[in-house]
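Presented as structure tokens, the chain that follows is alone, the form predicted alone.
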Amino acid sequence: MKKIIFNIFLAVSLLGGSLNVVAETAEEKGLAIAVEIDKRDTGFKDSTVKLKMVLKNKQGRSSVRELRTKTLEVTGDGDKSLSIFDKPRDVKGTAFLTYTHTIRPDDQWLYLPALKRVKRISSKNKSGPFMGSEFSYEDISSQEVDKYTYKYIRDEDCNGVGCFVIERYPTYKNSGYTRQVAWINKQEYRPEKIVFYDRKNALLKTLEYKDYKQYLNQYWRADIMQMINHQTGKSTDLSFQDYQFNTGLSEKNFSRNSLKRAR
């Protein structure tokens, strides 16, 4: 997850740990914040992590899935990631491969072991739910800076810390959103909360990040991500554990052929 959010390119300077933004407009300041977020999350090379996905319906009934995710940082383009489901038995071996791109549509494939075939996810279906969760396919891809335009809105406390509030607007076709409002921790430049608005600009979902930990003295990762769908009453919790970095992953670990071999 590079990436649970953004990149940017503006004249910024860091002084005493705070961002001194040489920007005159709300759009330039919003972009500068996104660029700083990406800058601070660059250089981890690769990572692996275990996840527990808890899906809850409107009545509170839940189901649990367990999976692993590998990520390869790509210079000059978006990251590559491979997610492999381990439990329950009916989804065991299902694998999802993403090549994120900075400007052109992402490439995504899903391997379904029951059918023994690889299905390509159409760019027109990126707003669809990922494995029945409240996360869409576009939510779980690497969030590259160029995929959005930005606008700084205001400063505001969030989760007890000072945050920048910015809006970002998808620049790619077939997004399920008109805009997203993000609360960014002013000290650490990590997202605390994102609110999503659908294609009709109606409130759709809220994503909250909890229990952050820092790795390699630089990279912040949330232990818990909770997505609530305000229109359906459903929610999905992702719990992360056992992050590993610089594990020696390479391009061959993220080929289409690797989907069928994923275990």
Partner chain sequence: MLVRYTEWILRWRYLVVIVSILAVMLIGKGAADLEFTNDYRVFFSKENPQLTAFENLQDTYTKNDNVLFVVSPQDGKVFTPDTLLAIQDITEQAWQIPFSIRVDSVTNFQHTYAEEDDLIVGDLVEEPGSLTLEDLQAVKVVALNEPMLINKLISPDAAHTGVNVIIQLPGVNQMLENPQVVVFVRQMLSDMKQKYPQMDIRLAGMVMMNNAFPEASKRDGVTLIPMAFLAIAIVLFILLRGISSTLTTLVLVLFSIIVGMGTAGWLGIKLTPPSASAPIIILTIAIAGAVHLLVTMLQEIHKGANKHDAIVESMRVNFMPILLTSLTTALGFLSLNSSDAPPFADLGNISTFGVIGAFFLTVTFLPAAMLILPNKAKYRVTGTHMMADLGEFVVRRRKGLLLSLSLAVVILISFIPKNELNDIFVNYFDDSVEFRRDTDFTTSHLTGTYTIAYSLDSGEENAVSDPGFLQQVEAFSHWYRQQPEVIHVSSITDTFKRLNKSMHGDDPAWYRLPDSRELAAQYLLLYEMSLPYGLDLNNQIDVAKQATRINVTLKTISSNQILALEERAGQWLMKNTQGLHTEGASPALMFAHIGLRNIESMLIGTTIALVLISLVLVVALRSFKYGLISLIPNLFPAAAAFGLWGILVGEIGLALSVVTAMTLGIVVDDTVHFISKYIRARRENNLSSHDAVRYAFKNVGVALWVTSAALIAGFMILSQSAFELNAGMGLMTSIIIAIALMLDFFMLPPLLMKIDGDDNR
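Note that the coordinates shown come from a computational prediction; the quantities given were computed from them, not determined experimentally. Residue numbers count along the first chain shown, from 1.
Separately, the form predicted in complex with its partner chain exists; it is not shown, and the next lines address it.
Only one of Lys234, Lys50, Arg40, Lys210 comes within 4.5 Å of its partner chain in the predicted bound form through a heavy atom, and that residue is Lys234. For the options Tyr152, Tyr189, Phe130, Trp183, the residue carrying a heavy atom within 4.5 angstroms of its partner chain in the predicted bound form is Phe130. Although the partner is absent from the chain shown here, none of Val74, Lys80 and Tyr99 has a heavy atom within 4.5 Å of its partner chain in the predicted bound form. Contact check for Phe85: a heavy atom falls within 4.5 Å of its partner chain in the predicted bound form. Looking at Cys158, you'd find every heavy atom of it more than 4.5 angstroms from its partner chain in the predicted bound form. Shown alone here, Lys45 lies farther than 4.5 Å from its partner chain in the predicted bound form, counting heavy atoms only. When its partner chain is considered in the predicted bound form, Asp198 lines it closely, a heavy atom lying within 4.5 Å.
Exactly one of the stretches 99-107, 113-121, 159-167, 141-149 approaches its partner chain in the predicted bound form with heavy atoms within 4.5 Å, and it is 113-121. Of all the residues from 212-226, none has a non-hydrogen atom no more than 4.5 Å from its partner chain in the predicted bound form.
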